[in-house]
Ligand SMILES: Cc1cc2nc3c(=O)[nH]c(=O)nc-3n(C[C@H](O)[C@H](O)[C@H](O)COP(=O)(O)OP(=O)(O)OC[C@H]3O[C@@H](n4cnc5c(N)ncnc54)[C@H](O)[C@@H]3O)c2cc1C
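Before any questions on how it binds or moves, here is one chain, the form predicted alone, in structure tokens.
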């Protein structure tokens, strides 16, 4: 740093201001035809794209992998998800799906991105549509590269143990592929819990990734005569068996698995900073959550939706999120994680009361104070009036 003297130094700001104003005065009145920073941002985050169904593959007796292609796909990090936006009947719906393909597959002459959909045991409106009705050649809107469930070398340990259950294996296949192809550098051990050996999702794809840095351990909890591998659940004892001295744990699977593993990892005294839970969507049965007034479960309220000067009144079930009511009415709302974490579906409650699950409340303190909710996990407890931004697309 060069010191020119007190007066020259303190007067530097005014000289910069004059020079800046002089540049403004000499600039063209026409807008700049090209914004390089904006172009990079648009390439990395293009928003919703038209994704063409390139192929549909069997991933297990109860699951299918849907491969999408597009002329250009944004880069994403292994472990992230994409959000699909579909029109099913009169409803406009969106759902997040973890990406099972690897980031390197979005590059090259024929970029692709893939998800794996499992046929739901219970009612699954979108999953059943994707599983039974989507065909090769269909075009679906999708937003690629969302979420924080990915490896970070600054934050995470060099050794990672992935704890997966069922279709929760998908983000870990993406990581395994990226590591096996030399695009990601950490040691990954996947403990994959399944019930039936015959219904292990993406088994062949996982085995193809096994190398010195990718290890796959199948753990079966059902009756499987002749099985010589690990059995039971992903217990603390089993997790410790495959852990290094310093390990980061990534968890993805059904909600009941999260609750179980939170207790098992606590038994191992794992620091919270070393545990990463993927968001798991809105609860299947909100009436079983702490603080929900069960006498409200079967009620239907009026939801008044304010968009600019337009007000629309639609029905909203007390046991379903506001976002579902909006989608069922064919009203467009931008959602992504469907778990209350990301805030894409944020709306302002002008009047009325909503229940927000204590474990799914990702709002900022200011949003809570000023009456905002994430509509994917906000359940009406009375007639509710909300302000929704007019969608830009």
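Model, not experiment: these values are computed from the prediction. Residue numbers count along the first chain shown, from 1.
Missing here is the form predicted together with the named molecule; even so, the following discussion is about that form.
Contact with the named molecule in the model of the complex, defined as any heavy atom within 4.5 Å, is confined among 87-95, 133-141, 237-245, 210-218 to 87-95. Contact annotation: residue 118 falls within 4.5 Å of the named molecule in the model of the complex, judged by heavy atom distances. Taking non-hydrogen atoms only, residue 186 never approaches the named molecule to within 4.5 angstroms in the model of the complex. Interface membership of residue 260, defined by any non-hydrogen atom within 4.5 Å of the named molecule in the model of the complex, is ruled out.
Residue 306 falls outside the set of residues with a heavy atom inside 4.5 Å of the named molecule in the model of the complex.
The candidate site formed by 106, 113 and 332 is entirely out of contact with the named molecule in the model of the complex, as no residue has a non-hydrogen atom within 4.5 angstroms of it. With the partner omitted from this view, the residue of 284, 274, 159, 203 that lies near the named molecule in the model of the complex is 284 [heavy atom within 4.5 Å]. This chain lacks the partner; the member of 197, 264, 230, 320 within 4.5 angstroms of the named molecule in the model of the complex by a non-hydrogen atom is 320. Contacts between stretch 333-361 and the named molecule, counted in the model of the complex as any heavy atom lying within 4.5 Å, involve 337, 339, listed in sequence order.
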